[in-house]
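Coming up is one lone chain in structure tokens, specifically the form predicted on its own.
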Amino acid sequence: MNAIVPKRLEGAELEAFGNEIEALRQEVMSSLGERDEAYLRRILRWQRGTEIGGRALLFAGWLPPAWLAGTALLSISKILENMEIGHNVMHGQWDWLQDERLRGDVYEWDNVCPSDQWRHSHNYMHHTYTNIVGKDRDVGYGIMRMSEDQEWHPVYRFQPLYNWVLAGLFQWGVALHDVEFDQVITRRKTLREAWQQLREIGRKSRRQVLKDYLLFPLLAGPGALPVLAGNVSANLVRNLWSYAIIFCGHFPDGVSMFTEQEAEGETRAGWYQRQLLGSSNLEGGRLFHIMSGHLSHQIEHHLFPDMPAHRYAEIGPRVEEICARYGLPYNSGGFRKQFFSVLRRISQLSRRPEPQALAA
């Protein structure tokens, strides 16, 4: 891979850039109000409506049109709950509403991953150390080589194949992410700590499995099998979609990786610059953005993780204009282009580096 290293600001120019980004954040956060709350309440109604409609149609799932429509609605419901509601609520984007059901520190989502563990692995580790190789565990999720700075291992030869296993079982990968098995093996984390986390995952996943794969199928009586198949399919669709959106956020062409040394002594402005250079946007219509949880605006999300995500589309052009004035790249592209470049990166980095590349 011959990656082009983008421009990086330093000194007074970097601080001026950071001040403009921070001013934009303050402007939006001070304007939150009724229309933001109305948007969220609308999304909550859509999510509940599609879930009720989907599960009701699956009860008539012996009829193929009902099964297809029920599975589609349940898939949409699960995507909305995990991405536009759960992910964003747990970032604290709606804490200002002072609604106890939508508090970021207590919300529990429809996913086998316990929310407390996700808040640590994602909100803290990923958003603090974004794309710092060796610190951000989302760089390869501990099983894949996604940066040339990661040491190659023979097992990576197979990552173009097991990448698809991760995609299909994505919620389970997310659930096990914070256990950090590699840290246990190297004794930087105790077995007791890991076991406690595994027990929490067991309790949460048991509830999820019983709900989708036992309770609702049994309620359908003779129609249990179509309901079971619909629930399995909806979870698979949600897993594949969330995997694709998330991988397109940090691994397409043009996204930068960082070393721990590069982040030493980093100011707020430096953090803003790293979030910008380590993220990439996806272009699409309003429905596409909603169904991605607005993670299609990955750059704005990483600059402003606690800002209600539906505002990202409004401020994206202003962020891009600021970047253009400072000569910084604003990485954005269509879904097919960005996802293809992610798959190409996975394939290229699976190969053993040439000796000259190792020496360099």
Partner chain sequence: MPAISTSAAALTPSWAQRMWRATDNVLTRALATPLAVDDYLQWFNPLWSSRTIRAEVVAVQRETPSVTTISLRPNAHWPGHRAGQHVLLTVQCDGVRHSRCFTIASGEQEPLLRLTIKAHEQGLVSREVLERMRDGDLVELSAPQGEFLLPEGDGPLLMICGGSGITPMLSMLRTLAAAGQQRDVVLVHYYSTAAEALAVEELAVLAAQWPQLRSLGCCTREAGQGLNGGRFSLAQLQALVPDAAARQWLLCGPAGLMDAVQQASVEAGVAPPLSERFELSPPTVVGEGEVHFARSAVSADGEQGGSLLELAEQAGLTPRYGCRMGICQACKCHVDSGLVRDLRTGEVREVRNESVQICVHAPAGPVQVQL
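Just so it is clear, the structure is predicted and the values come from calculations on it, not from any experiment. Numbering follows the first chain given and starts at 1.
What follows is about the form predicted together with the partner chain, which we do not show.
Out of the listed residues Phe258, Tyr156, Phe216, Trp241, Phe216 is the one that sits within 4.5 Å of the partner chain in the model of the complex by at least one heavy atom. Proximity to the partner chain in the model of the complex, defined as a heavy atom within 4.5 Å, holds among Glu193, Asp253, Asp149, Asp95 only for Asp95.
Every residue of the trio Asp99, Asn123 and Arg207 has some heavy atom no more than 4.5 Å from the partner chain in the model of the complex. The partner chain in the model of the complex is approached by Gly49, whose closest heavy atom lies within 4.5 angstroms of it. When the partner chain is considered in the model of the complex, Arg25 lines it closely, a heavy atom lying within 4.5 Å.
Interface residue remark: Glu321 is not counted as part of the site for the partner chain in the model of the complex, having no heavy atom within 4.5 Å. Shown alone here, Glu200 lies farther than 4.5 Å from the partner chain in the model of the complex, counting heavy atoms only. Heavy atoms within 4.5 Å of the partner chain in the model of the complex are found in one stretch of 183 to 191, 136 to 144, 109 to 117, 224 to 232, which is 109 to 117.
Along 255 to 291, these residues reach a heavy atom to within 4.5 Å of the partner chain in the model of the complex: Arg268, Trp271.
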